[in-house]
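The chain that follows stands alone, in the form predicted alone, written as structure tokens.
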Amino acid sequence: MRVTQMMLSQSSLRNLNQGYNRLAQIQDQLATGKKITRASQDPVVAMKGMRYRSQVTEVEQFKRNLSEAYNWMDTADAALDQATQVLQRMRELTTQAANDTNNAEDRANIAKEVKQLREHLESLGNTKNSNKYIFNGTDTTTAPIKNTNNMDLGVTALLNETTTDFSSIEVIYNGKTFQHVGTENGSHIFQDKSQTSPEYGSDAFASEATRLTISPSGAVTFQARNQDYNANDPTSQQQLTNSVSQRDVIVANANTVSINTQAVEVELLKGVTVPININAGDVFSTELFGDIIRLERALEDPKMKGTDLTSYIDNLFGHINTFVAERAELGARVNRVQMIENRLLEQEVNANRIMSENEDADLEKVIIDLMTQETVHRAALSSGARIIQPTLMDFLR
């Protein structure tokens, strides 16, 4: 085959264009640091890159969720810590008041401080984080605790016709919350809310149930099973019965303190969610505020003796233990979140490494390729110039 001048020119031009394309590709790699800039250059790398990039984005979102979880739980822990200190101060004041060297005026002054501490507890129960109430389950826009100064409806609310829905009423007495279970001869019967059996109407209810009975005249009677009952002793009684002062029971709306127990959960790993709130009903409860109001009234009562305040101190001990237990549970959850954070950081490093291996250009290799391609390009230009250099004048000359 005869090779013409035109064939040499076109071949040289084609090789130069291919060299330019390779130079452009290498320069793109140097400018971006990536192996490819278009999916058409390597569809496999592009497809893997999209998958790895989604994984990295997912990890980054989980890290943001971690910040939210830490923020929420740290705020809750601080509020519980302060609430525990408030209750400890109340216990100290009650112990001080139980000393019979204090007169009625001294105890009344102590009652004023206890009232201020109760209002501070109320504000702690309504703690917000990022404008959200953290002690009201998933209902973060509503304050969980209403004004506790208006909490007590009084025993008379049960005796007149203003109260028709007794299921919405709770009675607090001696560290327990009682719920309405029935009415007999005009007397309202309230059973200990924590007692799931015996049920009202069963044979064992009369001998086993812990209950309060409020008669039509307003008399309050407390009955509970005698723990020391001896069936062989004819003088031993199955039930202990005490008459209770109206002043010492709190009749309250059950919704005074929110009972929303739904967990606020945050996804910290794929498919792994962790509740970040605590069950506020276990700490900031009608039982807590009811017992404090009972304490205030007892301190304001000039007839109250120091020894009579012992049961109130025991109630405060019980509430403090509840707060401590709730903080311990919250602390255990924080430890779990910290372990998840460590795992998440490892996943982030691995995901970035895999994505880098898939997408990032090897700069040393790219620079060498660039220098090689430049050398090839110059050689192509030089050889083309030599081949195409002879003109018609060169032949005629």
Partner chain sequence: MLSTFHALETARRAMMTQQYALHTTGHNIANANTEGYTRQRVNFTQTESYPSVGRNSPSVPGNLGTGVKAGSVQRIREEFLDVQYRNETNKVGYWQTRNQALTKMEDILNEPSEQGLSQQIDLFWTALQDLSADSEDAGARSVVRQRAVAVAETFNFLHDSLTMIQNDYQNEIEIKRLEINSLLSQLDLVNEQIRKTEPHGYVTNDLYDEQDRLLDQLSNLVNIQVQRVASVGNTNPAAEGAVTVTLIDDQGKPVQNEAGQPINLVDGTGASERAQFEIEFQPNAHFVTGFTVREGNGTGTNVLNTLPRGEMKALIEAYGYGTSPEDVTGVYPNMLKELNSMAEVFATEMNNIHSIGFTLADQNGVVHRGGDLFDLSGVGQGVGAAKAIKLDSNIQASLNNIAASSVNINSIVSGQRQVYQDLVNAPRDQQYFSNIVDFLTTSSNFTTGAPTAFAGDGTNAKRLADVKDTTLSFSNDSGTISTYYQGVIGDMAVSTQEAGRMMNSSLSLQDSVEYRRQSVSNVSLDEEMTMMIQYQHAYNAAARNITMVDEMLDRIINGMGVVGR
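Positions refer to the first chain, counted from 1. Remember, predicted model here, so these are calculated numbers, not experimental data.
One more form of this protein should be noted, the form predicted together with the partner chain, which is absent from this view; the next part is about it.
- With the partner left out here, the partner chain still marks one of 366 to 374, 327 to 335, 58 to 66, 340 to 348 in the model of the complex; by a 4.5 Å heavy atom cut-off that stretch is 58 to 66.
- Contact annotation for residue 132: at least one heavy atom lies within 4.5 Å of the partner chain in the model of the complex.
- Remark: residue 354 does not count among the residues lining the partner chain in the model of the complex, judged by a heavy atom distance of 4.5 Å or less.
- For residue 92, no non-hydrogen atom is located within 4.5 Å of the partner chain in the model of the complex, even though that partner is not displayed.
- With a 4.5 Å cutoff on heavy atoms, residue 141 counts as touching the partner chain in the model of the complex.
- Screening 102, 194, 241, 262 for any heavy atom within 4.5 Å of the partner chain in the model of the complex leaves a single hit, 262.
- Residues of 1 to 33 placing a heavy atom within 4.5 Å of the partner chain in the model of the complex, in sequence order: 1, 2, 3, 4, 5, 6, 7, 10, 11, 14.
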